[in-house]
Structures are given as C-alpha cells and as structure tokens.
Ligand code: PFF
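This document opens with one chain alone, in structure tokens, the form predicted alone.
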C-alpha cells in the first residue's frame, strides 16, 4: 500500500480512451452486481434472524433509500463527473486538495476487502464442488467438516486462488466485453436461480412458520440495537463507500440517468436480499431444532444439514436444491468481487500506464498473497496476531469499522460540501435534460442525512 502512495503518478490518459457501458441495462445489472453479494444471501438472513424478522426488514428498507441510495448517488456524481478512477476522480474534481486521500482509501479498501472476501468466496466454490459431487450427505458432522476444511493449510488457498482467477478473467477483458457482458449473463441467471429456489423452499413442510417470521412484523422487537443493525446492513449491503460504484459510474455515458439507475440498483439489491430470506427461513423452519439466527455458520454448517433433512424423502431434489444454492452464492460473490477488482485495476491501469491485462495481473497477485495470509489465519498462522486479530479478522475490522464508513462520509461531504451545487445538479439531471422529482429532497439527504447516518454507523461499529 505504501507503494501506491509513494509512486503515485499523474495520469496522462484521455477519458476517451476509457471503456463505457454499452447500454442502460448493462449499467443497472453491473451496478446491481457490485451491490449484490454474499452480504445479501448470507449476512442479510443472519441479521434478519438475529433481529426479529419482518420488523427488521422494514427498518432496513427505509435506510436503503434514505441512507445508502444518497451515498450511491454521490459516488455516481464523482465517477461520471470525472470520468476517472477513484484517485483520478478527486485529482480531477479537486486538484491539489487533500480530498485525494479518499480516493486512495477506496483503492486500499477494495484490495483488502477483495483479499479476505475471496477467501469466503473460495469456501463457496469448494462447497459448490462438494455439493454437485454429492459429498454433502446426511449423517455428517458439518461443523467438523467445515472446520477441517478451513484449517487445512492449502485447500482453502487453492479455491481462493481459483476464484480470483475467475474474477481476473472478467476484469481483464475490459468494461463492455468483460464486466458488462458477463453481468448481463450472471445477474439474470442469479435471479432465475433465486426464483426456482424460492418456489422449492415454499413447498417445504415448515414453510408457513418461516413465512410468518418474514412477513409478520413484531415492532416490539425494534430496539436501538435493531435500528443500528438495519442501518449498518443497508450501508454495507450496497457496497457504498468502497469507490466501486464511482469507478463503474466513470464508465457511464452522458445520457445515463443517475437517479433512476441508483433507484433500480437499490430495488434489485433489496429484492435479492429479501428473496434470499424466502429461500433460507422456510428451509430452516422445516427442520426441528434449527435456529433462524445460526449466524455466520448458517451457510456452511446449518444449511447442508437442513438440505439433507428437509429433502430426506426426495434426495435428488435435495441434491439439486443444494447445488443450485451454492451456485447462487458463487454468482453473488463473483459479481461483487469483479467491481472490487476493477476499482484497483482501473487505478493501476490509468496511473501507471500499464495495459489493462497487466494491471489486472498485478491486482490478482496482490490479492492472492494477502488472501493466502487471511486463509492461513484460520489454520497454521492462527497464532499470528496483529492488534489481537488474525489477518482475516484484521482486514475485516479495518475495512468494515473504519475505511468503508469513513469513505461514505467523505464521499457525501465532498459532493455536497465541496463540489459546486450547479455541477452536482447538472450530473443528476443530465445537464437539465431530465426532470428529477424530489431533487431538493435528494440533495438534502446527500448533504445532511447520509453523512450523519453513516457517522452513526461508524461510531456504533467502533463501540462494538
């Protein structure tokens, strides 16, 4: 990371040399893909289970549109307004000012998140292979199986590297031929798998109890802790504060409607998260003794047991359900890691005059090395601690507790407190060509509500 700061060079690239998304559909699907990830399908159901079900969902949706969407719009303004990577964006819009630190934070945060996120994605790739090989069978101690795998010195690293190579393949092909093309394939497939799995899950014997948990809010459960959890989930679910969406927005065409695009991304992201609940909770409630608040072990320990028990009379259906679920997780992880990889790749590509393919190789190799350290922190390197944390927990702590919330605060403050208001309005309205309903409300949310809300999330994360 010191290398990035000490060797930063002014880019001479013209914005016309950069790629662009070829269609509005590509914009929405790629941006939604950046937002949709393991947080929607794994963390969201866990948060719902821990915080009372339907009431949490309603509070969460309110914060998606009041808090996360304004930060997303701010990223869109920075990206398209500068037509540059996250560092180049601040250099272009605020030359000679210290705001450029926010751009470097985005690149560093993206690399750190991609490093430990790819470890979990590697676990998902492993479970996808195991599921289709029919090795997640009844009678196993799935906790012991999971622990044995993650503490293995080389298997998790191999799967983590294989997953990063999948990400590398897409990013190295460029914006339109890589990111947009594969987003148009992966996102529809992801949504189709979700619909199929929801239909299967609703046929399970415990589906009614699971639906009750999801659809009947108990507002007596809404405490300060639940509100703060919903606020944090809304912020992190949409991947705002990383600079990924600003990078994608730098590839938007001049006529791309920023407000409607952001709204559509929020709707798609929320839909995936909620439908994931319709997959998981009817399945969990179908097996006696299974808790809806199983926590992080839900996906790799609880659900394999659930799939076997719930479909014990129809093992073939259970086999297909399990396989499709892990493919869903894999696609969700891949659409997110592509955007993280692109943030760092664009920076290196545009500021160090490397070809896109070479820049992508640099990012992939860095994340492989850092990811290997994160993976080993569960096994042979478990005794190595920095601030009493292994590498995986340390990277998670630094990004979730500090870099992402601070990035969100700086992004919104930069757009509404530093940039000329006329410039911001011109971006949101496409130079006056679009009439944006509630524009003043949106500007108020970006100026006041978003930075205060993200600040509260930041303070809450530090306190915990």
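Numbering follows the first chain given and starts at 1. Computed from a prediction, not measured in an experiment: that's the story for all the values here.
Here the subject shifts to the form predicted in complex with this ligand, a form of this protein not shown in this document.
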Exactly one listed stretch (142-150, 255-263, 127-135, 242-250) reaches within 4.5 angstroms of this ligand in the model of the complex by non-hydrogen atoms, and it is 242-250
Only one of 57, 409, 38, 419 gets a heavy atom within 4.5 Å of this ligand in the model of the complex. Which one?
38
Of 117, 307, 123, 347, the one that lies within 4.5 Å of this ligand in the model of the complex (heavy atoms):
117
When the contact criterion is heavy atoms within 4.5 Å, does residue 73 count as touching this ligand in the model of the complex?
no
I'd like to check something about residue 69: if you look in the model of the complex, is any of its heavy atoms closer than or equal to 4.5 Å to a heavy atom of this ligand?
no
With a 4.5 Å heavy atom cut-off, would you call residue 391 a contact of this ligand in the model of the complex?
no
Answer with yes or no whether residue 336 is in contact with this ligand in the model of the complex, where contact means some heavy atom within 4.5 Å.
yes
Output the sequence-ordered list of residues from 399-435 with at least one heavy atom within 4.5 Å of this ligand in the model of the complex.
404
